[in-house]
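This document opens with one chain alone, in structure tokens, the form predicted on its own.
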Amino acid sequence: MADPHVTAWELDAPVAALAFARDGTLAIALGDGNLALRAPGERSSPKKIQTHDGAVLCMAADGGDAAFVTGGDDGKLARVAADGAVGTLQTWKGKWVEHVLAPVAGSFRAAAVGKAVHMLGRDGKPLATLEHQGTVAGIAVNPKAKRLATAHYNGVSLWWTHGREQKPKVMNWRGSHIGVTWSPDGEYVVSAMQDMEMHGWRLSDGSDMRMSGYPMKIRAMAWSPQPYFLATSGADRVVCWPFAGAGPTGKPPVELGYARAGAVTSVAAHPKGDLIAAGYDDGVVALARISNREAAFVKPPGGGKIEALAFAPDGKSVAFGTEDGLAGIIDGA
């Protein structure tokens, strides 16, 4: 691994999420309602753009555009262009927009608001409302953006994204599911659970699998490129489950990084290689390779718990953000 160079900024508000646009623009979502934007190669501090009247709760790159979609506790779904222009896509008064998606492969945006997921076209017009019995705790889309997975109490629901009236296919498993992800090959859906474990389903035959042994809740999941591993937080090291072949059933996970007094709180996967970035609750950031388990610290302790990590599209740098409002770029990944 190359010797890293860390550039950091004090942003005076907790970092809620990070995302890179396809052109390399970095967006940092903050708890004070601002989005901080940094253009590729820019040397000055990120420019703050007031986006929400309250905290920004979630964010995603807006498909293939140089823009971002955000949700806030003001009930607003917003779009922020790389040049700082802000537009409101939709508002649900008195509610929180807690999860958003805007996949490159799709012609839609999705926003989880309470017990519903709202599907909107690229023009911002409503397409469909997907109603659930309980609060939607996470959303994910398959690689072709044809199906949507939603996490909720007692399972995960699978929907088509075409917007027509429908009933979901429900993957049942008792307990509270607090996050969901879809494998890059579209074969598996995996949820994180309140009970400090994960549950997965192989969609080809409906078989399920349980991944347990965590000392705390899994708040972050990231897929490596082939061979597919699912890297997770929730322990004192990064836990990576193998999904090649028949999946992780009967196989031990690979553990990466260094065991510390605290825990891994965030993970991100390199867009092309087998490099995993891990953030810890003491502010440390480490990089580790799945193939040889080589690991190195690239940011020392301090600045608060790592809340978010994201690799740049070219994989040459990784961004981090903390609960105390420190954010930065680590070049030389």
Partner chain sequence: MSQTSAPQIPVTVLTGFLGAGKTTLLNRILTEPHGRKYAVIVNEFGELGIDGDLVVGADEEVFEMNNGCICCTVRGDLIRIIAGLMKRRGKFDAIVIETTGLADPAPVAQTFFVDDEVKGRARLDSIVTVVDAKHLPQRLKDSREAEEQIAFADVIVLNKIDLVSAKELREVESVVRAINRFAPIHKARECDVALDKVLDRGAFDLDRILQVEPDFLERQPEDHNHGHDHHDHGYDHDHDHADAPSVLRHNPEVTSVSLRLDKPISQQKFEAWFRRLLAAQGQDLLRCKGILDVQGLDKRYVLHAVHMQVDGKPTSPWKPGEKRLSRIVFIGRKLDAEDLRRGFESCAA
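Keep in mind it's a predicted model, so treat the numbers as computed, not measured. Residue numbers count along the first chain shown, from 1.
Just so you know, the form predicted together with its partner chain exists too; it's not on screen, but the next bit is about it.
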Heavy atom of residue 314 within 4.5 Å of its partner chain in the model of the complex: no
4.5 Å heavy atom contact, residue 262 and its partner chain in the model of the complex: yes
Residue contact check: residue 91 to its partner chain in the model of the complex, 4.5 Å heavy atom: no
Heavy atom of residue 115 within 4.5 Å of its partner chain in the model of the complex: yes
All of 153, 219 and 305 with a heavy atom within 4.5 Å of its partner chain in the model of the complex: yes
Among the candidates 282, 294, 42, 65, the residue which, in the model of the complex, approaches its partner chain to within 4.5 Å (heavy atoms): 282
Contact residue in the model of the complex, from 135, 129, 207, 107 (heavy atom within 4.5 Å of its partner chain): 135
Location of its partner chain contact in the model of the complex, chosen stretch of 34-42, 268-276, 286-294, 53-61 [non-hydrogen atom, 4.5 Å]: 53-61
Interface residues of 179-195 toward its partner chain, as seen in the model of the complex [heavy atoms, 4.5 Å]: 193, 194, 195
